[in-house]
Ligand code: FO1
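First, one chain by itself: the form predicted alone, in structure tokens.
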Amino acid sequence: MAIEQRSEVGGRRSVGHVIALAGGVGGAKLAHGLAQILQPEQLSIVVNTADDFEHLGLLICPDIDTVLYNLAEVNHLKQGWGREDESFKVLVETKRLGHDAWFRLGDRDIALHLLRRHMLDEGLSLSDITSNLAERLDITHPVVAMSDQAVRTIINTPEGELSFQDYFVHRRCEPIMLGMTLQGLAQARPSAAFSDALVEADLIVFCPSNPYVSIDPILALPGVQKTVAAKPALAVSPIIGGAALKGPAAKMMAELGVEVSALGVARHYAGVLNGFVIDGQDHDLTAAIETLGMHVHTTDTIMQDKAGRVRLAGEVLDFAKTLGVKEPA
């Protein structure tokens, strides 16, 4: 019998198990929308960890934390990342004491990082820690670290190699991107929870995240891309009208010589996806994307508020039915 769930905006949808691959603000928004429609046993949110880094002795996991804060509905609504009603007394004091506090950590945010550091020192894996933190934030849907081994995105520039956060936050994406490498990938494996979810998955959703630094590291883990390509899979384009709503995706594409458009993103994913969701502004790209072997759904992909997140998530799930998504037994 198919599992049916009612969304907050009405109507019934029948789905199996969904994996949402997420990173960044756009990814967190759609993951939040999907969590309003699907029960915890129907959704696994697999999060990029390749932009994690050590800062002031703490392990900072920007993508995991952005997803956690969005699911817990404690995120800063205007900026998309960090906590709402945040204070920065620790940051101010570290600056006063002479530290170049270029990474903006709020006091509540630091509390979470301190707990993560404590649990790491106790020997817990990143997967166990992420589940623990989700539970403490009253999140019921599984938030899954892509790997328990450290993978780090390195941006290649004319100035040399830069860690992703140095490039993205400290240098504000100013250096030209010549390419990227994934440090530690050879020793990394999908986390156990990710591997289990891949076996059960009836649908893979690529959230509107940066293809290069949010989604590619997940797909690069051994066996992942091959498994995803064998299942119904779709993506929501992070590029709308030739621009990214947030983050450096458009700049990266231009510097890598890739067409900055939803079509450029679709070409990047060709052979892996059989569905692609684009914004109405890009309707004229439909035919070209279809030549890549993808079905196309056009809609408003800008998620202005919670209702917009739920609406888009519902359309994504309805569109997935046209891709041959298997019903659960």
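Note that residue numbering begins at 1 and tracks the sequence as displayed. All figures in this text were calculated on a predicted structure; none of them were measured in a lab.
The same protein has a further form, the form predicted in complex with this ligand, not shown here; the description that follows concerns it.
- For A243, no non-hydrogen atom is located within 4.5 Å of this ligand in the model of the complex, even though that partner is not displayed.
- Although the partner is absent here, I129 is not a contact residue: none of its heavy atoms lies within 4.5 angstroms of this ligand in the model of the complex.
- This ligand in the model of the complex comes within 4.5 Å of a heavy atom belonging to D65.
- Interface membership of Q165, defined by any non-hydrogen atom within 4.5 Å of this ligand in the model of the complex, is confirmed.
- Shown here without its partner, the chain carries W102, L105 and V169, all of which come within 4.5 Å of this ligand in the model of the complex through at least one heavy atom.
- Across the options 152-160, 254-262, 105-113, 192-200, residues that bring heavy atoms within 4.5 Å of this ligand in the model of the complex belong to 105-113.
- Contacts of stretch 25-51 with this ligand in the model of the complex, defined by any heavy atom lying within 4.5 Å, are made by D51 alone.
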